[in-house]
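Single chain ahead, written as structure tokens, the form predicted on its own.
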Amino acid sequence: MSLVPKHIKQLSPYKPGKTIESVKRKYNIKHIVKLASNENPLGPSKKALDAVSDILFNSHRYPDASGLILREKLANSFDVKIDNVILGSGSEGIMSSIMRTFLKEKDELISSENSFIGFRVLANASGKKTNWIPKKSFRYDLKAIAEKINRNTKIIYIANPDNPTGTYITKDEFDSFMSNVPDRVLVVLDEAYFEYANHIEDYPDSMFYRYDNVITLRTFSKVYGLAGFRVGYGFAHQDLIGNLMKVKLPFEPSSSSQVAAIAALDDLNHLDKTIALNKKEMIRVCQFLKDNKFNFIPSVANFVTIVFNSRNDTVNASNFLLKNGVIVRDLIGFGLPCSIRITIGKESENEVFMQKISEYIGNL
């Protein structure tokens, strides 16, 4: 008899984007431009790095298991009580706790096809039935998701903005959707790219709604440049947070991660520079794609997805870029076999990408 449940055996492990070092070794290239993982090209705040260096001498001590100082800071920043805030090792850490806390034997989940692969892995690993709803024009079809709700539905996952498409649901769409969601159904709103989109007039910042059955997830991995520290946070009704706190792993995030996040919240200059750079370079990269007749999905995040005519074209373009020192993300693992995702980098990094993809076009 196998010790491994059938639904675990059938899982495919998550495959992250290629690392800079692995590409250097494989292709013997010294200079690599990584535009594959939606990381902050400016790196972390200096204030965050200074805070981490100060705490390293206390690495023999366990972290604050409750994350009290960081949770208090987040509560004050977003005008909620500390009992409405939870921390985790990235937003995926909190998603995992949500699964373990709220799913019962016959419960089901609903989400969209071709969305954040991290949730898909967790949903499949839960062993529960998940209804994957097709997108419409690369966007969440909230009407179809609402129609799929049944008596066993427990969790609905929505990434807004979405990864890997960069599309978003509007305020009107969200209002209409929530009017059709029963109170017994938990809506997980993953707003990992919130800071890039919150200036958009019809973008629904979930913190203005305060639904009792909504959990908002955000992260320090993207705009704050702390992907290597793995710090996610969530906001929800205190009853939901209280039960999540019973289940989450103790002593996460680490001490260094917590102090880095606390310092990053104070560095508004770094935050503003990151958002300004992304806005400026997004316009430039998208104009280049338009000028060169690429089909791409308009994005409100810090990446843009190019859609090719075939899988063969996608592989050829991705491999050409890789061999020329530009790492992008082939989206076959997300269920989009004819697409690649490009993170918006620094001006010099985007120049390299545009130069190399122009060479690729010229070789066709």
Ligand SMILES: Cc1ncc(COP(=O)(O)O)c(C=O)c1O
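Note that the structure is a prediction, hence the values are computed from the model and not measured. Residue positions are given as counts along the sequence shown, with the first one as 1.
The form predicted together with the ligand exists for this protein as well; it is not shown, and the discussion that follows is about that form.
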- line: Note: exactly one of Arg120, Arg71, Arg230, His270 sits with a heavy atom within 4.5 Å of the ligand in the predicted bound form, namely Arg230
- request: Work out which of Thr216, Ser112, Gln258, Thr219 lies within 4.5 Å of the ligand in the predicted bound form, going by heavy atoms.
  value: Thr219
query: With the partner left out of view, is Ser91 within 4.5 angstroms of the ligand in the predicted bound form by any non-hydrogen atom?
result: yes
query: Do Asn84 and the ligand come within 4.5 Å of each other in the predicted bound form, heavy atoms counted?
result: no
task: Report whether the minimum heavy atom distance between Tyr196 and the ligand in the predicted bound form is within 4.5 Å.
output: no
- prompt: At the 4.5 Å heavy atom threshold, is Asn163 in contact with the ligand in the predicted bound form?
  reply: yes
- line: Exactly one listed stretch (238-246, 170-178, 289-297, 186-194) reaches within 4.5 angstroms of the ligand in the predicted bound form by non-hydrogen atoms, and it is 186-194
Whether Ala317, Val326 and Tyr360 all lie within 4.5 angstroms of the ligand in the predicted bound form by heavy atom: no
field: Partner contacts in the predicted bound form for 148-185 (non-hydrogen atom within 4.5 angstroms of the ligand)
entry: Tyr157, Ala159, Asn163
